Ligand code: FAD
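Coming up is one lone chain in structure tokens, specifically the form predicted on its own.
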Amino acid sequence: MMNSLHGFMPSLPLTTMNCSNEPEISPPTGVVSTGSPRHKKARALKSSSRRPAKALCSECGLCDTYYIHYVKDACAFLNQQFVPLETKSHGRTRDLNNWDDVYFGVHQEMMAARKHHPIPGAQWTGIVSSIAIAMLNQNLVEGVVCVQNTKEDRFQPRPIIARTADEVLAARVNKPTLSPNLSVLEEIEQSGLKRLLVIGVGCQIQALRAVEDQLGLEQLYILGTPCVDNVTRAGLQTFLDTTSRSPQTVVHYEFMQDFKVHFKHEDGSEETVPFFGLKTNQLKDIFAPSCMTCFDYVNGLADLVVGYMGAPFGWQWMVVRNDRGRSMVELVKDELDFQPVTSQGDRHGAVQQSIPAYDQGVTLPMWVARLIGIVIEKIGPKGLEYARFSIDSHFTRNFLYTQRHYPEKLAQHIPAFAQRIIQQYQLPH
């Protein structure tokens, strides 16, 4: 259900997406009811290929609906607004004197978890699917926005509103490509649904939070996943072709805490490739510019976040941000094993060394990459320190990308918590 590469890759631009001129629509101010003249005007807009964010469009799906009327306020790449949206969603914003807040966002608790009995075919043990199914079965929600795949392609995302457990289960396993999850917003309003769970990544969730008051919902729950380095479907194929021994049989994969990419194949076999052995000279152009300018790796506006990067290998990292998130965990707590999050090692030297490697697109011989991987796995950062390593690496890279390609956006676009993280490192000019 998560669409992300979670990569360890160079910072160079993707070919600009097909985006036309910004529509001449005035942005909304304040809360707008679904019966207001402004909302009716938005409703009259037809879906089109308009992308006001142009090359920075993350294809979240908002602009495929009449909610494009709200895009100037809602789009994370036109109007970054972490502080007001965090306050609205969680009752407070991040404490910049608290490093856990700075890195991981507003939260009540973090823990590692895994299911006693994993769901067959799930990418992990199936915590996200289990929460969604429990919420449907207990009638807490009437639908779940999640991402299935098309019949033709297991990696091509198809957002749906799931109404049954079977429909939720059909959405298990990551779709590591740009996914228009919010393209179902019109269907939500038209369906008359009042209680909804949405599963999504940071850029989708910021846009959703910004238009939340326009949806006419009585209750909205958001289950987020961490996300970094998404690609188009063509970009994904390039990654698979250059990295896996059998790209046509890959069922799912993930960049893991042991500094390896783990591929699962149709026959059940697993394949690992060290991060440092990736053919970055062939992969330098596959990432979306939106991902190269994103600073919401940990999905700070979700009620609950389920990922992997802050947990031990084989466990899931869970971040409870507010009471809604806590209630979601309570639904499945008897199905889970828990352990506290831990932290080990020092990321700073590795991050500082990674900055020029990103810049130069360094590609190492595989034997060297495997050797480095063995050493790093033994002495490198683990647990929350691995999560900080990954965040630092991507934030420094993305700052440089934004500075070079969109210097006019630096002041407004990079949130204060990201600036604190970036300031720990020496960056090239």
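Residue positions are given as counts along the sequence shown, with the first one as 1. What you see is a predicted model; the values in this text were computed from it and never measured.
Same protein, other form: the form predicted in complex with this ligand, not shown, and the subject of what follows.
Each of A171, S179 and V228 is positioned with at least one heavy atom within 4.5 Å of this ligand in the predicted complex. Taking A122, M110, L196, V351 one by one, only a single residue has any non-hydrogen atom within 4.5 Å of this ligand in the predicted complex, and it is A122.
Site annotation in the predicted complex: the residue of T280, T93, Q316, Q81 reaching within 4.5 Å of this ligand with a heavy atom is Q316.
Taking the partner from the other structure, this ligand in the predicted complex has no heavy atom within 4.5 Å of any heavy atom of G105. Under a 4.5 angstroms non-hydrogen atom cutoff, this ligand in the predicted complex lacks E212 among its neighbouring residues.
The closest non-hydrogen atom of G300 lies beyond 4.5 Å of this ligand in the predicted complex. Taking the partner from elsewhere, F295 is found to have every heavy atom lying beyond 4.5 Å of this ligand in the predicted complex. Listed stretches are 340 to 348, 185 to 193, 142 to 150, 324 to 332; the contact stretch with this ligand in the predicted complex is 142 to 150, by a heavy atom cutoff of 4.5 Å.
Shown here without this ligand, the chain has Y297, V306, G307, Y308, M309, Q316 in 291 to 321 lying with a heavy atom within 4.5 Å of that partner in the predicted complex.
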